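Two forms, one chain: they're shown below as structure tokens, one block per form, named structure 1 and structure 2.
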Structure 1
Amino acid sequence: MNKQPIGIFDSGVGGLTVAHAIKQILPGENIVYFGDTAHLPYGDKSEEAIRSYSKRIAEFLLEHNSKVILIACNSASASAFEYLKKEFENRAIILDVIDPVVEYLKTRKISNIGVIGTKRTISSGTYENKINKAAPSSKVVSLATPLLVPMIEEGFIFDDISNAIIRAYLSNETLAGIQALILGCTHYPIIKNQISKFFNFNVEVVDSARIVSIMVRDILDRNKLLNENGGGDDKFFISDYTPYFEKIARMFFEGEINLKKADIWC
């Protein structure tokens, strides 16, 4: 099983931040990535719809012999993680992107924590509930920022439009006085510098990508599933072609990538 790939999925380009971090920490591992661009964003979908999409994608990743299925999407992690564990944990290791961040913050002992994410992630209360259990002394406030994902997917980053939207959200009084801000969507690390700049770099901006990749390494090591001799045979699938996805993927993975459209909904 060591040579089997790590399966990763997201609604679009956001999970590429996690995939990139995994390749940096685990260069010997191969990945199979699925971006469900036909249904993005997941943040405004129902829990039932997200579970349905996630189940079919997990089946697709298992068809490609994935030893791990990493839900690199906060909306899907909040809505479908426990469901996928029950369905598939006897066939692969199922991981999410929320629990590793909660465990990280547990060690930091931060008093005031903010969370931004999609409507689905925020309305689920998953971050608040898990942090309150893991670190009862921490106060957690949450803010839905639904325009950020379509903004990023449409390529509006590092410009006046993105700066205006980011400023409008982060100036909300809900986030006043926070010491750390969880980027509760894997798209958001793409604009991490703009977010940090808004807070004059005085707020710790918690990016799940590296935290999650370290967790993946530790879990593979514990289960004796590390592949130290592979690398290079990565595959990227999308459910609907978008030029921006290919542009971002090439930026993260430096050059040619094996990108294919997979209509798995037929």
Structure 2
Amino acid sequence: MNKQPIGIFDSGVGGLTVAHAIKQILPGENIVYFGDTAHLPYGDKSEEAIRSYSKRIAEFLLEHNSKVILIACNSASASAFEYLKKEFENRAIILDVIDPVVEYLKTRKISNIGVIGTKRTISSGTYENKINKAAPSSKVVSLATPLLVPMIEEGFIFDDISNAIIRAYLSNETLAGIQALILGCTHYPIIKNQISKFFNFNVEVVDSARIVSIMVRDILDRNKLLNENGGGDDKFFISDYTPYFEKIARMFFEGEINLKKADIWC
């Protein structure tokens, strides 16, 4: 089973930030990535829609023999994690991007934590509920910041437009007094430095990609499923292809990438 790939999925190519971190922490693993570009954005969809998309994608990743299914998308983690665990836990290890961050924060003892993410992630209350349970002394506030995804995809990064949008969101009084801010969306690591700068580097900006990858490594190790000798056979699929996806995929993966269309919806 060790040689089987790690399956990763997202609503689109933003989840490649997580795939990139996995490749850095686990260079010997092969990955199969699926980006549901035909249905993005998930951040505006209902829980029911995201669950049904996620189910089909999980089946696709299992058809590719994945030993792990990692939900890289925060909106899907918030809506479909428990559901996928129930459906597929007997066939692969099912992981999300929210629980590892909650585990990490439990050890940090931070009293005021902020979360930003899509409308779906924030309205689900998943981060708040899980942190409240794991670290009851931490106060959690959250804010939907939906404009950040198209802003990043359109390449507005470290310029006047992105500074103005980031300022407009992060100066919201909901976030006043936070000591840590969770980047609850696949895209936000791209603007992590800008966000840190907004807070004059006084707020810990928590980027889940690395935290999640370390947890995946620990879980594989514990289950004796680590592959240290692979790494050369990664596959990247998307459900709808345009050259635009290819272009932005390079930004998220920080390197050349070959996307293949897989029409899993017919």
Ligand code: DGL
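Since we're looking at a predicted model, the values are computed, not measured. Heads up, when I say rigid core I mean the largest set of C-alphas that superpose within 1.5 Å between the two forms. Counting starts at 1 with the first residue of structure 1 and goes up one by one along its sequence.
Undergrad: Here are two forms of the same chain; which is the form predicted alone?
TA: It is the first structure that is the form predicted alone.
Undergrad: Using a rigid core superposition, assess whether Phe9 undergoes a CA shift of 2 Å or more between structure 1 and structure 2.
TA: Comparing forms between structure 1 and structure 2, the Phe9 CA shifts below 2 Å.
Undergrad: If you line up the core, does Ala21 shift 2 angstroms or more at its C-alpha between structure 1 and structure 2?
TA: Result for Ala21: no, shift under 2 Å.
Undergrad: On a rigid core superposition, how far has the CA of Tyr244 moved between structure 1 and structure 2, in Å, if you could check?
TA: Displacement of the C-alpha, rigid core superposed: 3.9 Å.
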